[in-house]
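Single chain ahead, written as structure tokens, the form predicted alone.
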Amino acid sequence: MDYINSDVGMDSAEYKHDMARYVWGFALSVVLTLAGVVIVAGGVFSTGLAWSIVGILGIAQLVIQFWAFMHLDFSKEARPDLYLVLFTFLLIILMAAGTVWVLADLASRMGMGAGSM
């Protein structure tokens, strides 16, 4: 039996590779989520450090989700999709930074600095 699912044309090795990727993605996502919950609920770290660690765990989980479930990696076949995702992130960062910059400038022109609120 060369093909497990002949409808989509996946051979056995490709199917096993994809299933292993899904299982690893799910397991790593659960571990990262539980680590975030333990860090926040445990109260061991200061608030700023806990926010930083949870942010890093969130970015790590985002990368794992893209790798495991959306099949984005540095392979030649997935590279155009990776470029689209990176370009989307660039646009979102530019829009968010521009919005914060315009609002901060507006607040400073209206005398609403951080000390007056």
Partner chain sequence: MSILGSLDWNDIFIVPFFTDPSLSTGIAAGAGGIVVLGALAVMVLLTVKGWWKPLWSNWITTLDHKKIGVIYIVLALIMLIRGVLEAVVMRAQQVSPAPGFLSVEHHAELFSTHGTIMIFFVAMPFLTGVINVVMPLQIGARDMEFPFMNAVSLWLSIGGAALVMASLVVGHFETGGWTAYPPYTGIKLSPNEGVDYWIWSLGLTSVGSTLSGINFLVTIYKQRAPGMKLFDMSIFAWATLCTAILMIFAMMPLTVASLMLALDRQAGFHFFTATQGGNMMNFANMFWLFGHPEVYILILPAFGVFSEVIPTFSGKKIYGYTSLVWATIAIAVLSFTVWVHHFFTMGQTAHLNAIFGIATMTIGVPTGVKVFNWMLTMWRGKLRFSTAMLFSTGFIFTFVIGGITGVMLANPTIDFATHNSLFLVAHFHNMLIPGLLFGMFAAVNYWFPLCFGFRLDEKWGRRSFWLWMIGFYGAFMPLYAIGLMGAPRRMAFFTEPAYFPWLVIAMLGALCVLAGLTAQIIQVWVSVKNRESLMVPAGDPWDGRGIEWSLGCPVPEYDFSTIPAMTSREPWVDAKEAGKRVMDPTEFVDIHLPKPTGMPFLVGLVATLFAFAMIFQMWLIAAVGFVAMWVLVLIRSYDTDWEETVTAEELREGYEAHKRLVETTPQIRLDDEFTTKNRGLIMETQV
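Positions refer to the first chain, counted from 1. Treat the numbers as computed from the prediction; the structure is a model and nothing was measured.
Absent from the display: the form predicted together with the partner chain. The rest refers to it.
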Would all three of G55, Q65 and D73 be in contact with the partner chain in the model of the complex, where contact means some heavy atom lies within 4.5 Å?
no
Is there a heavy atom of L103 lying 4.5 Å or less from a heavy atom of the partner chain in the model of the complex?
yes
Would you check, heavy atoms only and a 4.5 Å threshold, whether G43 touches the partner chain in the model of the complex?
no
Could you tell me if L91 has a non-hydrogen atom within 4.5 Å of the partner chain in the model of the complex?
yes
Would A13 count as a contact of the partner chain in the model of the complex, using a 4.5 angstroms cut-off between non-hydrogen atoms?
no
Among 29-37, 77-85, 57-65, 43-51, mark the stretch whose residues have heavy atoms within 4.5 Å of the partner chain in the model of the complex.
77-85
